[in-house]
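Presented as structure tokens, the chain that follows is alone, the form predicted alone.
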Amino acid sequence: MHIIVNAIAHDISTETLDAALAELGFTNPAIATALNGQFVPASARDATELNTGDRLEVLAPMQGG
């Protein structure tokens, strides 16, 4: 399936947000996700289905000052 992740096109083989994050290498549990502009809490990722053309934004905390 073809989706856009942080403005970059990706082909993935999974159908849920949780599985897609793992496939794409987002293993840090402290991330925020938005699917097609809507926030998706961590507790809902395993039940959130993806469709071709979806736009996923993944934000990870940054340290520094």
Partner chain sequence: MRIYDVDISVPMFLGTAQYPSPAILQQAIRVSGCEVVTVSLRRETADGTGAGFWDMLRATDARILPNTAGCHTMQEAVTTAQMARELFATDWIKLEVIGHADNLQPDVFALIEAARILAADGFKVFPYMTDDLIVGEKLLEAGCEVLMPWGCAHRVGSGVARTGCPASNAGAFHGDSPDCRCRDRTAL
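Bear in mind the structure is a predicted one, so any value in this text is a computation, not a measurement. Numbering follows the first chain given and starts at 1.
There is also a form predicted in complex with the partner chain; it is not shown, and the following applies to it.
Contact check for 12, 19 and 53: none of the three has a heavy atom within 4.5 Å of the partner chain in the predicted complex. For the chain shown alone, residue 47 is not a contact residue for the partner chain in the predicted complex, no non-hydrogen atom being within 4.5 angstroms. Taking non-hydrogen atoms only, residue 3 never approaches the partner chain to within 4.5 angstroms in the predicted complex.
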